[in-house]
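Shown next are two forms of a single protein chain, provided one at a time as structure tokens under the names structure 1 and structure 2.
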Structure 1
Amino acid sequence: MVPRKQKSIGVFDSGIGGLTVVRALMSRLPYENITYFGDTARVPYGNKSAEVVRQYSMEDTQFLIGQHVKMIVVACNTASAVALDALRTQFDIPIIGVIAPGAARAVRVTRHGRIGVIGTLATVASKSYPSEILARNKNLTVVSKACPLFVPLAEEGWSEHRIAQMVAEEYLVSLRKERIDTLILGCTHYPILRGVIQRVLGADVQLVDSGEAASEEVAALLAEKEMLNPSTVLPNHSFFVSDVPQRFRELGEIFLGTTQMRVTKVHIP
């Protein structure tokens, strides 16, 4: 049996976007084993009902628990928004989402108290980010915008395509008019489009990556619970998907900067 500290961190997302969280975890916790599941057969989650997202999230979590993980990171913002409480009730394992960490960081870095949030339709409709932000400081202004087309653009690897520029201009013009100084990238796919988003909004707008913020919370939780992996050997990173493993590998290798990705297709009931 694998000792608890040496078990992997489980991460799930609807597709490839959660690799932004994996990248942050690899950087902050270089000796931790990681097991990732991307539900590429059912991506995206952001345009599905809350009930369906909760069902998928339960199945994703159950799969990772079957891989003997020591904790789970819900990399998907949509799942964090609508399923996190249900997952914590159902499963007896530490589970961290990305919304609370991202909101906390935005509150810390905003200069003028005007925060923008972009996310999927489901994440924006949940109002989870405004709720988390205003709970920390009720005097802040929060403006949200759903950007559903960013997900397929990221999945296609079109981060620098002219279509990405056109879509970003269309989505973000209203946020520019609101004079935001901070923008939360409220979907794990969106950091893949960070360059074009920054160009459209301008260099004076601070972008907050919820995945990076979540990696800080993961590190703190593992330290608090004395679950950090004491090993100093190269960790094991395993990747599972529910469909199109070759496509995931191609984009994932470019995104993570590695040619050593082991990607396995699995069936999720």
Structure 2
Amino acid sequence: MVPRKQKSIGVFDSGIGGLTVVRALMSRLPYENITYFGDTARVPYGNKSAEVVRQYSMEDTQFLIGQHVKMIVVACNTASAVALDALRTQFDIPIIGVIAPGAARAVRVTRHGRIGVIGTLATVASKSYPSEILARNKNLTVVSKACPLFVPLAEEGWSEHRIAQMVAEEYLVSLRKERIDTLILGCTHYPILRGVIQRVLGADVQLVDSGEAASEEVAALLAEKEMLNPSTVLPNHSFFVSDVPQRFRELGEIFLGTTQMRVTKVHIP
């Protein structure tokens, strides 16, 4: 039997966007084994109801627990927003989402107390970010905006295209008018568009990547529970998906920065 410390960190996402969170984890915790599940047969979650996202998230978590992970990271913002409480009630394993870490970091870095949040329709409708932010400091102002076109723009590889610039201007104009000083990238795809978002908002606005913030929290949790992997050999990274679409390898290149993934297709639920 594998000792608990050497077990994998389990990460799930609606599809491949969560690979940006894996990338942050690899960078922050280079000796941890990681087991990833992307629900590519049912992607995306961001345009679905809370009820359906909760059901899918239960099934994703169940799969990772079956892979004997030591903890779960809910990389998907939409799933974190609407399913985290249900998952924690249902499963007896440490579970970290991306909303609370992203909100906490934004509260820490804001200078004038005006925070913007961008995400999918479902994440924005859930009001999870505003509620996590205001629970930490009720005097802050939070302005949210759903940006559905950002996901296909990232997947097309158009992150530096003038169309990305125009779409970003269209979506972010209301946030700029609200004079936000901090913006939470509340969807795993959005770090791919970090450059254009920063240009449109100006260098004064601090961008918060929820996946990066979650990696810090994962490191803290593992340290606190004495579950950090003591190994100093190269770790194992396993990738499971519920479907292998045509462009999977290209998308791996965009999101993880490599096409060298061992990918296994599994049937879910």
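Predicted model only: the values in this text are computed from it and were never measured. Structure 1's sequence is the ruler for residue numbers, which start at 1. Basically, rigid core = biggest C-alpha set you can superpose within 1.5 Å across the two forms.
Two forms of the same chain are shown on their own. Structure 2 is the form predicted together with another copy of the chain. Core-superposed comparison between structure 1 and structure 2: the CA of Asp85 stays below a 2 Å shift. Core-superposed comparison between structure 1 and structure 2: CA of Ile163 displaced by 2 Å or more. For Phe12, a C-alpha deviation below 2 angstroms is recorded between structure 1 and structure 2 after rigid-core alignment. In the core-aligned comparison between structure 1 and structure 2, the Cα atom of Arg247 sits 2.6 Å away from its counterpart.
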